[in-house]
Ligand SMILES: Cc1ncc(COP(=O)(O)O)c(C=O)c1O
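In structure tokens, the next block holds one chain alone, the form predicted alone.
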């Protein structure tokens, strides 16, 4: 078996969509295709079209969201156990990421720990839906209300998921998705920001186009801005028509193809690896509908590295999501200590998961893993 940890699932439909942009449309930048993708995303999320802004990466989405919602120099609470993009995006906006500990049951932000890190300069909290799980989201919203904080959701893993019947992105303050090559849907690269706050949306919409005021509307009309004004810092973060064409096809494949496949494979893992003494799964709320982006497990009692090596010898790749940011030199080098996060980091191992995996391959992975644990 040639098993991969993750991979892009694209085919003829995506290729034909790109060909249409290249040959028939001929305009490769941000134009009609991006507008249509935003409209389709908005319909999927039950949002107004002007509440969705497509950009060229999930990191760009986080950067613009923080810049639009938080003044430079202020602090953003964020779990340490996340990809470094979350921290870099906060820093790029001129703000300060404040690393918080994780919940042991879900690896999402521990609000009790976060409460101890609030200062007069705290302005926002960035919950990360780790492994697509919006655990504690309602509590986070209450926490934010109590402390008068903006919420910027890092929902990079969670596109297509539902929390208590509502899709992630259909409600909330500011929500950021990623559409990179291995996410639940892909544009090759890409992402989007979703918000109902008109001023935050306006700032994100302009900033993705070098902060040229109202340039989005001009480009969607097939023109360019020549006489314009700029009052804010902006970036070249807009999505291209090529990326949007891929994304439109992928969006159409999510509900009937990608989503059910990921859910089914994750269920097989949980069924066949249940009740093993040295292995634990994170807990999902049964009221939530999770489309898992990654398949992390905890290998207990100091056995993680030995088990990873055994899987590698059998040709099964594994990952480690993620090295905690507070251990990185730029973000504290281990100070302050976050004990739960550090313990989870020593246990975490990510198993292969993507719609291209067969059930037989997952069964094989489970058999090898069970044998290694013995």
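Quick caveat: nothing in here was measured; it's all calculated off a predicted structure. Residue numbers count along the first chain shown, from 1.
One more form of this protein, predicted together with the ligand, exists but is not displayed; see below.
* To do: Kindly indicate whether 82, 157 and 180 are, all three, within 4.5 angstroms of the ligand in the model of the complex, using heavy atoms.
  => All of them do, each having a heavy atom within 4.5 Å of the partner.
* Considering the ligand in the model of the complex, find the one stretch among 50-58, 345-353, 65-73, 303-311 with heavy atoms no farther than 4.5 Å from it. => In the other structure, the partner sits against 50-58.
* Asked: Might residue 322 be said to contact the ligand in the model of the complex, defining contact as any heavy atom within 4.5 Å?
  -> Within the cut-off, so yes.
* May I ask you to check whether residue 250 falls inside a 4.5 Å heavy atom distance of the ligand in the model of the complex? => Output for residue 250 is no: heavy atoms all beyond 4.5 Å of the ligand.
* Heavy atoms within 4.5 Å of the ligand in the model of the complex: does residue 169 have any? -> So residue 169 does not count as contacting the ligand.
* Asked: Is there a heavy atom of residue 128 lying 4.5 Å or less from a heavy atom of the ligand in the model of the complex?
  -> Residue-level check for residue 128: yes, a contact with the ligand.
* Can you name the residues of 262-298 that have a non-hydrogen atom within 4.5 angstroms of the ligand in the model of the complex? -> Contacts from 262-298: none.
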